[in-house]
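Before any questions on binding or motion, here is one chain by itself as structure tokens, the form predicted alone.
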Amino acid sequence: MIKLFKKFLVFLKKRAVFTVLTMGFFGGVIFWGGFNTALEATNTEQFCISCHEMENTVFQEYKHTIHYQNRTGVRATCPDCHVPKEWGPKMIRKIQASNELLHKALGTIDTPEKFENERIHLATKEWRRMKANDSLSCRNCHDYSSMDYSMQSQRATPQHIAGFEEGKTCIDCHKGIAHQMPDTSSLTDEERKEFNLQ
């Protein structure tokens, strides 16, 4: 047995470069598979609501919206709206989420009262993110060019047309769709203008 092991070591020494490359390749495949598995596991609605702060607040609000249950059965889950689909932006968002884990550990919003006190801050942060990426998460499902204005309400059609012509993005007008609208009375005039809340 020892002779066989020594022969194996000699074989590896003779082919050191090949061995290192082979081990690196398989190590990379295993690392990438594990990394991707962990990434996808944290990209589910079940993971998002595993924190009672989310399950008992915004998830309960979301369950009463058209994004949760509708006539077509198409559901937009937490990651559909809060995590970009493209790899680069998804990684940036996941890094930003580490701050949310810190606040989970600190107990920043661990009671309904604390959550309500932070709701406007959380909402404005999300509105800014969506404004910066031109409401990409909305546009992953809703395509302007596919809209049939004849199927929309008399109020929605002119507002959509005017909004698109003015270069507005979904979040400019559609706040409080999946979650309760926060109390905006603490916002400054500049912030009210920024968020189109005049």
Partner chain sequence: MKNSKKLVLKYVNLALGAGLLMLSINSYAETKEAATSDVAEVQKELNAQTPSATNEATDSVSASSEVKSSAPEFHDFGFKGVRSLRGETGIVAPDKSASIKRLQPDIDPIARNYFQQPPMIPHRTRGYQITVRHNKCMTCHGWDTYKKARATKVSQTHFADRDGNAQSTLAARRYFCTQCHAPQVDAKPLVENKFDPVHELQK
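As the structure is a computational prediction, the values presented were derived from the model and not from experiment. Only the largest set of C-alpha atoms that superpose within 1.5 Å between the two forms is called the rigid core. Positions refer to the first chain, counted from 1.
One more form of this protein should be noted, the form predicted together with its partner chain, which is absent from this view; the next part is about it.
*Asks:* Would its partner chain in the predicted bound form be within 4.5 angstroms of a non-hydrogen atom of every residue among 72, 90 and 172?
*Replies:* Not a single listed residue reaches its partner chain in the predicted bound form, so no.
*Asks:* Within 4.5 Å, heavy atoms only: does residue 23 come near its partner chain in the predicted bound form?
*Replies:* Flag for residue 23 set to no.
*Asks:* Hey, in the predicted bound form, is residue 119 touching its partner chain, heavy atoms inside 4.5 Å?
*Replies:* Yes.
*Asks:* Residue 6: heavy atom within 4.5 Å of its partner chain in the predicted bound form?
*Replies:* So residue 6 counts as contacting its partner chain.
*Asks:* Would residue 65 count as touching its partner chain in the predicted bound form under a 4.5 Å heavy atom rule?
*Replies:* Residue 65: yes, in contact with its partner chain in the predicted bound form.
*Asks:* Of these, 49-57, 128-136, 34-42, 153-161, which stretch puts a heavy atom within 4.5 angstroms of its partner chain in the predicted bound form?
*Replies:* Careful reading of the contacts points to 153-161.
*Asks:* Taking its partner chain as it sits in the predicted bound form, which residues of 163-178 have a non-hydrogen atom within 4.5 Å of it? Please list them.
*Replies:* The stretch touches the partner through 168, 176.
*Asks:* After superposing the rigid core, is the C-alpha displacement of residue 10 2 Å or more between the shown form and the other one?
*Replies:* Yes, residue 10 moves 2 Å or more.
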